[in-house]
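One chain comes next, on its own, written as structure tokens: the form predicted alone.
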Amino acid sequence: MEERKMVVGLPRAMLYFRFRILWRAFFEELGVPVAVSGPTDREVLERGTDLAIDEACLSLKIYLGHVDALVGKCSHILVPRVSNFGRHRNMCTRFEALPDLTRNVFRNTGQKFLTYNVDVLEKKKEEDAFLEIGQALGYPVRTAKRAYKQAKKAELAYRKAKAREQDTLCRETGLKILIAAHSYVIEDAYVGRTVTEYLKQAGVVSLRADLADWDAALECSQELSGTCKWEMSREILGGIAMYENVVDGIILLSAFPCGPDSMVNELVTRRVKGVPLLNLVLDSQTGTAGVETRLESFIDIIRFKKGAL
């Protein structure tokens, strides 16, 4: 095993924003350096768009652009397959096909890809998947298992800290708006930052549905839907159910054309009453000015309703 030459690349897109603490802590425990692609910009998006089929969602196009930015710069690029975490806890099919899709797109580059498979319905748990990664990199099972357990502790501590931050924001004064979106949309520097930065400049207290305690959110999601099968969508639904009574408005933020979001956002529109909603769908052609205009109008409507305008 040539540790000095081994560098694992992490594309700063899609599941990176959900698992970055787990991934980085795991490789750090193993002593394997990681290289993270830079923040999304127009060049990354355009390169990913060239590599993707026209029907691909904006998030997948961005992802391929980030993979491209890492090709040739690291020994391996991590591309996981995450199918489900159990019954009615499925992930979007994009995450199931990601390794095969990525290998096909970059088949002529000579780049090595590192993958793992989480499919609890097929008895393939997350811990087993990480042990396979460790073995693939040449580490003993015992070493990989210790690294995973430490990484899982770091991830749990991070999630609890973020959930506490959300609870603290709920007690703040001022206009509060809940952003209901996947982490890879809201945290993307090119896509979601326009929204979060505008709200900050407008003096709005922003909460995020996806940062609610995951276990509590999954349970609370039943209040809005007992049949939603997508894990991350259920977490967002649960976050909405947990915070809808403490916020003044909700922004449903999506990347075009996300299939699960198109269904879930329609569900929220029909079932959440008494709270102003803004359905904001972003694509590669969405201009900053247009987004800011819609946000400004939404905030004005809320303030007018509260008699503060």
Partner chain sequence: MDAVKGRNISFPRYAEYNCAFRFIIEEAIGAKYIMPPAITRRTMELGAKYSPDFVCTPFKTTLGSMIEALEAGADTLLMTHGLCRLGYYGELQEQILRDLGYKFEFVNLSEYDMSKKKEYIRIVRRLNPKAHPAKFLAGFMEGLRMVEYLDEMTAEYYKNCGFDASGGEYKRIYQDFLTAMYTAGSRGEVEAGYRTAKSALRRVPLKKPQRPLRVGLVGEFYTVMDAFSNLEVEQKLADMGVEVHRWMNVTNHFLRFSAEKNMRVKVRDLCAYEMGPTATPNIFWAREWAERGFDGLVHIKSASCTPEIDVMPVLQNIGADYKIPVLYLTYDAQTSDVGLMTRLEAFYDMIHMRKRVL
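Residue numbers count along the first chain shown, from 1. Here the structure is a predicted model, which means the values were calculated and not measured.
The same protein also has a form predicted together with its partner chain, omitted here; what follows describes it.
Checked against its partner chain in the predicted bound form, the candidates L101, C74, L131, V185 yield a single residue with a heavy atom inside 4.5 Å, and that residue is L101.
When its partner chain is considered in the predicted bound form, only one residue from P276, P33, P39, G259 comes within 4.5 Å through any heavy atom, namely G259.
Using a 4.5 angstroms threshold between heavy atoms, D213 stays clear of its partner chain in the predicted bound form.
Proximity of K229 to its partner chain in the predicted bound form: non-hydrogen atoms within 4.5 Å are present. With a 4.5 Å cutoff on heavy atoms, T143 does not count as touching its partner chain in the predicted bound form; it lies far away. Although the partner is absent here, R87 lies within 4.5 Å of its partner chain in the predicted bound form, judged by heavy atoms. With its partner chain left out of view, the stretch that reaches within 4.5 Å of it through heavy atoms in the predicted bound form is, among 24 to 32, 249 to 257, 65 to 73, 41 to 49, 249 to 257. Residues E96, A97, P99, D100, L101, R103, N104, V105, R107, T115, Y116 are the ones in 95 to 116 with at least one heavy atom within 4.5 Å of its partner chain in the predicted bound form, listed in sequence order.
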